[in-house]
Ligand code: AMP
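Only one chain comes next, encoded as structure tokens, the form predicted on its own.
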């Protein structure tokens, strides 16, 4: 299957051609573990997962690296100023930086697993690669790309790199002093960035290391270049991240990497659009509105409903989040699960028709391989459920493939539903269900709703079917 991806560098959809036939080197920017992951962060991680699954289903061997940032990410990404987010998080939670890093990494991985995201091949922590980051800065120093600002740090001179800003169209206007970047008159150029920050003289940081330039810590950008080169080599295929990373973080990664590795360092740059609220504003931790996956769990949503909502959109388009949108996605997801459960309970499923399997397999995979059109693939999923021309055994095998490709766990959830439906409700609840049916027959809707509420408060759901009301134990 031909794989096509929108490459931010060329600003067009390109046919994917790996550096090494049959293998893919894939680096995706991971979390800064100073707080819980926001559902916007998790949207990016989910798109990474879909991309990886699509490549695997196309027969590629994927080496996937996702960094864990546990040092050097300052509260002002653009100006190389402010507190280290990790130190700030430690102060907020009254814990050590190391405890903060472990706690929020574990919480992030819990969200990772609940969303059925495949674990990366490597998950390096920035603090485990200080030596490699120092070596990176030393190489740039030897090449003449750095300078020192007293009592501040070692900076990269962007004027020495003619291609600076190429990732965002060759323009660095968004980085002008007085715009996004806080002007520092000690910098040679407003776009210059810190490679190594010196520890303050009047305070000891919890995370600091000795270096050829003095005690300090690496700049945020250094870690991704150093770790990707160590784990994937000097050139690799795909680098991903949220769309906000393209203008500064990824631009700076390119600038500090290509003088060492030669161009191009990365073949395909893939960026994922924001999750926004109904007003169109980006949802994030920094703007004061924090919404993690746990907030969805506490409201009773299956994390797969959120993954399904993400899959209904496209990675290049902003996704508007609302509880109403999540309700609609949850209902659509449950409907598919219910129909898959019916397939699994079929007593005479027949034999797999390999010709039909290939036909449906190929058109679903082709949709996702064509710049990750997951919504189009889900249209085919609905068509597959409706058609009577494909037998049950073939549909079940196709859903096994669909779950591998989209990671939506339709079969897993369907099996759990069958298990819960097999439980027999207590006699008093069955009596209530009969009373509710009688109330509905008499069009006493208020009483019917009151009885339903009593049943649900006891941990059961009432499902109306053609055969009558069924009581299903809540998962």
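A quick note: this is a predicted structure, and the numbers were derived from the prediction, not measured. Positions refer to the first chain, counted from 1.
Form predicted together with ligand AMP: not shown, discussed below.
Residue 63: touches ligand AMP in the predicted complex, heavy atom cutoff 4.5 angstroms | Close contact is absent here: in the predicted complex, residue 63 is far from ligand AMP, nothing within 4.5 Å, heavy atoms only.
Residue 40: touches ligand AMP in the predicted complex, heavy atom cutoff 4.5 angstroms = Answer yes; at least one heavy atom of residue 40 falls within 4.5 Å of ligand AMP in the predicted complex.
Would you check, heavy atoms only and a 4.5 Å threshold, whether residue 292 touches ligand AMP in the predicted complex?
-> No.
Evaluate residue 439 for contact with ligand AMP in the predicted complex, applying a 4.5 angstroms cut-off between non-hydrogen atoms, and reply yes or no.
-> Judged by the heavy-atom cut-off of 4.5 Å, residue 439 is well away from ligand AMP in the predicted complex.
Looking at 410-418, 444-452, 424-432, 31-39, which one sits within 4.5 Å of ligand AMP in the predicted complex if you count heavy atoms only?
-> Looking at the partner contacts, the answer comes out as 31-39.
With ligand AMP left out of view, choose which of 273, 146, 127, 166 has a non-hydrogen atom within 4.5 angstroms of it in the predicted complex.
-> Exactly one listed residue reaches within 4.5 Å, namely 273.
State the residue from 258, 157, 302, 244 whose non-hydrogen atoms include one within 4.5 Å of ligand AMP in the predicted complex.
-> Contact residue from the list: 244.
Judged by heavy atom distances of 4.5 Å or less, which residues of 42-57 approach ligand AMP in the predicted complex?
-> Stretch hits, in order: 44, 45.
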